[in-house]
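The chain that follows stands alone, in the form predicted on its own, written as structure tokens.
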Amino acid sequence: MKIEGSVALVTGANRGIGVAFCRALLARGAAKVYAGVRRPEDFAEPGLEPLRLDVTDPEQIAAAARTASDATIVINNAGIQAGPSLLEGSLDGARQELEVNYLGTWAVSRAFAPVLAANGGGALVNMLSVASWRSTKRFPSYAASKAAQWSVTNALRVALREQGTLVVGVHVGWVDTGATAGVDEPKTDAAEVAAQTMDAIARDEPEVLVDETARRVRAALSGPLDLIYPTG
């Protein structure tokens, strides 16, 4: 679909990949970009329309769908990593990850599906991860929430096909944001994630494998079992 002249909503737009998505949309000619944030009064990114949106709050989601009733692109970017390690720690963070990453994406998608339908179909983009396909003992609950998010993305892809909505899943390894400042691993720039996603929207492509890690893990799904179920 054409990004030029479109109206977009980005959740979790206050920093990192969310801001990068907003900037990329404007750079590609979007006519309006709603920035879904928890505290619009503290958000001052130029060119955007701040919109109060906590993806775990049904009333705020419904209000956002009414305000952004002209949206033709919705990007579910809001996400957290707050869960415990596999064998220690409270499960409260794991529940919060499911609420935000999985159920938040589902709730926003459900609310905006009729909006996109009314505006010609448009595009729904879900910011996923290589963790959708591969877990570790360090971040098991985050990976579980992303696997669930990938599953609902696939369900949305099938369900929204008839109304002409393109559903895009974006997978990437580590991204260079404030949240990963303490991670000593190769990272992709957030602007690169956004740029590749814009290209996918413009080409009507349902999946974005941003970096080599995403491409390798995706390919391993049909490869030897020890690539997905490591024993070492």
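In this text, all values refer to a predicted model and were calculated from it rather than measured experimentally. Residue positions are given as counts along the sequence shown, with the first one as 1.
In what follows, reference is made to the form predicted in complex with a small molecule, a form of this protein that is not presented.
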{"item": "Segment assignment from 159-167, 199-207, 24-32, 47-55: heavy atom within 4.5 Å of the small molecule in the predicted complex", "value": "47-55"}
{"item": "All of 134, 153 and 217 with a heavy atom within 4.5 Å of the small molecule in the predicted complex", "value": "no"}
{"item": "Residue 112 within 4.5 Å of the small molecule in the predicted complex, heavy atoms", "value": "no"}
{"item": "4.5 Å heavy atom contact, residue 64 to the small molecule in the predicted complex", "value": "no"}
{"item": "Close approach of residue 79 to the small molecule in the predicted complex, 4.5 Å, heavy atom", "value": "yes"}
{"item": "Contact of residue 125 with the small molecule in the predicted complex (heavy atom, 4.5 Å)", "value": "no"}
